[in-house]
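Listed next as structure tokens is one chain, alone, in the form predicted on its own.
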Amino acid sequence: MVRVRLAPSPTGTLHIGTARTAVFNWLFARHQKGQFLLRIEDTDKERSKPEFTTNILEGLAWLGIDWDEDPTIQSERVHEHRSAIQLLLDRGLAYRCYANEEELATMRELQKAENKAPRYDNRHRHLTAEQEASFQAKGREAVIRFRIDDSEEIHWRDLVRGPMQWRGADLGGDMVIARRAPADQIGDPLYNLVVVVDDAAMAITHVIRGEDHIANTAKQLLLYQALELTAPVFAHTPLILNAEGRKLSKRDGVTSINDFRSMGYTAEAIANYMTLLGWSVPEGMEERFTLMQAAEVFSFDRVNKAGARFDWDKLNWLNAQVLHGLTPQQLLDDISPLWREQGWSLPEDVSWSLALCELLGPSLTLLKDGIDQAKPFFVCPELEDDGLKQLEVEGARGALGQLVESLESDPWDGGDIAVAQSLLAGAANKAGVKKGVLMKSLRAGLLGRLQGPDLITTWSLLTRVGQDLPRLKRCLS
């Protein structure tokens, strides 16, 4: 059975790059009728926080990504990690390195002066017992390094990039797999080692992650071989780039799923768009789809090698399509919490709120657009310049006065549209103005400006909550 995993570090909120990796893993697992697993890589003790773990799990669930087993917590497996390191030490495939930070810094400065790539020079690979004892007597602690022979050739077939080949000489020398600790101890195990041990323990068959991990894959394949573990199949997906073609980062503003959510993007649009960041739809399939629809046809032969540029216009279009496709009830469920955050009270009659959602829905791009667009229905707006100018048109105030007089003598309940049209025609006729003048003036009075949604529906909604006459009367003086 196909088993894939997402392995986020809880050192920050769910990043769009991590979320896109989750989407690709999930799509592949569901397409293959396999399993999608989570591993929380919390071994960075200083930066890992429980609230970030909660944020990651909630963000994935919001996007519609479910997992098939309880998450594995990496810090709970440190005994297994240290056992693997001890095994490598016992086999002579790893050793203790006593070089201190000052010596390593001098080494790097010399390499820089000679225009050489930075790498560890393996100086402590062949220490004698006497030399080790001498370092220990001086109180030096040791990291543990895994031996990487320069002559080593590492090969694998990547699901995205095809045949891959690395030389041991290009991996920076012998790799640190445990932090500095006294000679009789094994320090905190490090990323490349623990990932291999945990993926093997979780029976991961495919590792799907960003292309920035390619060098790590070469190192990890050597560890799989040294530990006599079965290596998974690898797929390295393209990075998400900004408009200038650089890796998307915090400098570009919005990178957290939380940020997108607070801006008013829907989970469906974000998940849809992230799938398109590096994957092209099969012929005949539209670019708007659900995750389950994508899972039915997902394959790595349609994942691009080149970086995927983030396109705000495309995301906005997708989000608008999602919002425009919601029923009034669905939109109300999503948007009413935003209205309540503004301190606005919804009428007990839910039909009013549903009618407002039906009115505003077709014009929304972001969910939060529904705050500004709905505000005039909850808060009486100030008269803006174009509204004031309209009220100065000859006959405008008189026509509004006639309409107010008619409404006071025979109120309209906001229901029958034909009644509203008759009221407008009668008031315009009595005031001796064209009906269009009255309609513009009515909009100015109700909304404070000449731009807005359908006038009769707007009037109906404000009438039903008793806001029409007070707004019109303020325009008569």
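Numbers follow the displayed sequence, beginning with 1. As the structure is a computational prediction, the values presented were derived from the model and not from experiment.
There is also a form predicted in complex with a small molecule; it is not shown, and the following applies to it.
- Comparing 361 to 369, 106 to 114, 176 to 184, 189 to 197 against the small molecule in the predicted bound form, the single stretch with non-hydrogen atoms within 4.5 angstroms of it is 189 to 197.
- Residue R209 is the only one of H206, R96, H81, R209 with a heavy atom lying within 4.5 Å of the small molecule in the predicted bound form.
- Contact with the small molecule in the predicted bound form, judged by any heavy atom within 4.5 Å, is made by just one of R397, R140, R167, H213: H213.
- Proximity of L472 to the small molecule in the predicted bound form: non-hydrogen atoms within 4.5 Å are absent; the residue sits far from the partner.
- The small molecule in the predicted bound form comes within 4.5 Å of no heavy atom belonging to Q467.
- Put simply, S9 is close to the small molecule in the predicted bound form: some heavy atom of it is within 4.5 Å.
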